[in-house]
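One chain follows as structure tokens, the form predicted on its own.
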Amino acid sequence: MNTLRAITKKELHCFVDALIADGTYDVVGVKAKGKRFVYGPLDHAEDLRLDHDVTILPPKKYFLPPLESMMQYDLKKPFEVQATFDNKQRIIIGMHPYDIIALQQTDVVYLDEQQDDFYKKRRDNTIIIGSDIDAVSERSFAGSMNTHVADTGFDVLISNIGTQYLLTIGSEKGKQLVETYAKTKEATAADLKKLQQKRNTLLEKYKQKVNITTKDWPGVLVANYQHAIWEEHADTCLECSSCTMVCPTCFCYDVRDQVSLNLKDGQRVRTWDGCLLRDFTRVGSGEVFREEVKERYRHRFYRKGNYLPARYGFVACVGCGRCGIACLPDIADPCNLINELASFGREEDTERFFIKQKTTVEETGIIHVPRSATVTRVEHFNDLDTFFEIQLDDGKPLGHKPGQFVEISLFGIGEAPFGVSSPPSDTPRFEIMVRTVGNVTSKLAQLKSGDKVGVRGPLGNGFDTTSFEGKNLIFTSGGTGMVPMRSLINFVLDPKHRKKFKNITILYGAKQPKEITFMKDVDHWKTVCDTQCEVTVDRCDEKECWNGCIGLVTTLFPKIRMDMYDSKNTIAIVIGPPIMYKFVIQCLKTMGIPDENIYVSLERRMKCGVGKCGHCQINGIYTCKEGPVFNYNQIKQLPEAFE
């Protein structure tokens, strides 16, 4: 149980002034800014306002800064990288309970098994002195969210009970701070009674109320996914993402490189990002997987009220009301939106848009900091595609499974995800294919043998090859989908493994002959026993020499020797552009292959690779974490999976 101490207003000011004067900590607190309130450095205790209703920005800016340097680099010494940690000791005074609870939610995401060490460093170096709520913002509905009070998550909590203040000691650090810097006395039973009365009457101050409990949010949202309300509200959305910037439970981010003006060094920075912004889901090839405004507008509410509750067990809204204040068209307030939806109905299956799939964590440590590697071979396949063999400088094997991906870095340019093209091995060498579509890929295509790159990974979930043993296999690939597919095909066709699998069919489609990658592999696959390999192109220019099939990859299905296949004992793997999946899967169903025997690999903007930045989210799952390999029977229920 927390310890209570009593302190006078004068002594409270002395306590704050003593913390400032000591100089050990950067002391920040809530200050007035015109008629509003902000967090900022405190010079004197008189600057502190504990009677505030809500601050413009939440205190998340001290744990996830709007612009944060994660590492510094010298362009002449690539990948002699130095992670840059914020070692400031900080005290934050005046955090309201809803912001304390929001920070605890962020802890769940950022301090998991793939821990964000940059966030943890700030968390460990920060002492939180919260304050009970005196004034309630007109837009706040924290009372409905049960976030108007907090019992944990703080080191000290200040409560104004009229004639004096109570200090609730919530941690050993808080206890030492109070004992060292404050003059207090033991709280009495009467003091405790006043505190309870204050908290009980606080609920009466809330003008905004949600008409349903938080446990009912997921059901209401799931039932109304296709409702016209999303388009009606989105018609007035400015796509500014102000709602996400001021939200204490929105923690999505982007990562980019900044080169110094001297062009000799630079830093990799993390910046706030928001799901209302159009480019949030843009991938390297240019597609935006949440193109329409209504899709982005809807995603924000489902992330808060359905996707994160399914994953972590909490609604990611604490009722602070900041989004309602910041939104000019006044369509961002979850209180109003949920109340409106609640009248339309609800559903029992609240986890329809989520997949409970165990994620294998291959890499832990300081996320975003890459390992150094050397390019050992480069082969330009055509105008767009360049093949690379890369060797990790530490001499350790990559340790990947077929279907997993890596993040490849070029300091000064950026980082991008690539499927591993080579099968697993016990050497530090692996292969990728780079298609030139953007800044990172264009620069990568210019590299030569001996050049340095950075590598993070392996990341994501790959194929469980042991579950394929004893089965017939049908591989269907289109375009760059052959890159990760090659890893799996070469694994199962390896003489050490081939006998574990039955008949194998490989169907490969490309736009035109010059875009067929790995032709040497294709020729080899055609010679392997009990293996059928068919290739087609969408079109063939007059100048190109091509004697093979012309048509979409689906035109190859009639070539499959169906008399050799038992559909129930056949596994189908499909990797390619989104438009391909619908038609290929229909062909597989026509063959009688059940949905649970179909596996797909999906591409999204996998930026962080560890399920934190939010860019690759498909409904309730992260492609980089639960995927990119999925069982079709599970993923088919997600509306955003094949858009």
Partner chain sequence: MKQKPRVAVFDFADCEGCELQIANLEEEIIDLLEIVDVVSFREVMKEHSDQYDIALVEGSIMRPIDEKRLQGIRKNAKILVALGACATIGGVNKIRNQWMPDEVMKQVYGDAKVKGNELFNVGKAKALNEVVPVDYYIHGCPIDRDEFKQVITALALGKKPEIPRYPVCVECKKNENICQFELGNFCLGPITRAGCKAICPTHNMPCDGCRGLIKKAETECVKEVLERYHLTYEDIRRRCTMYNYGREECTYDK
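On a predicted model such as this, the values are computed, not experimentally measured, just so you know. Numbering follows the first chain given and starts at 1.
Just so you know, the form predicted in complex with the partner chain exists too; it's not on screen, but the next bit is about it.
Asker: Among the candidate residues 339, 105, 242, 531, which is the single one with a non-hydrogen atom no more than 4.5 Å from the partner chain in the predicted complex?
Answerer: Comparing distances to the partner chain in the predicted complex, the residue within 4.5 Å is 242.
Asker: Heavy atom within 4.5 Å of the partner chain in the predicted complex: which of 356, 88, 443, 500 fits that? Just give me the one.
Answerer: Flagged contact: 443.
Asker: Tell me, please, which stretch of 505-513, 386-394, 108-116, 253-261 lies within 4.5 angstroms of the partner chain in the predicted complex when heavy atoms are compared?
Answerer: The contacting stretch is 253-261.
Asker: Using 4.5 Å between non-hydrogen atoms, is residue 289 touching the partner chain in the predicted complex?
Answerer: Close contact is absent here: in the predicted complex, residue 289 is far from the partner chain, nothing within 4.5 Å, heavy atoms only.
Asker: Please tell me whether any heavy atom belonging to residue 589 falls inside 4.5 Å of a heavy atom of the partner chain, as the geometry stands in the predicted complex.
Answerer: No, no contact at 4.5 Å.
Asker: Could you tell me if residue 61 has a non-hydrogen atom within 4.5 Å of the partner chain in the predicted complex?
Answerer: Yes, contact at 4.5 Å.
Asker: Answer for residue 330 alone: is it within 4.5 Å of the partner chain in the predicted complex, judged on heavy atom distances?
Answerer: Residue 330 belongs to the contact set for the partner chain.
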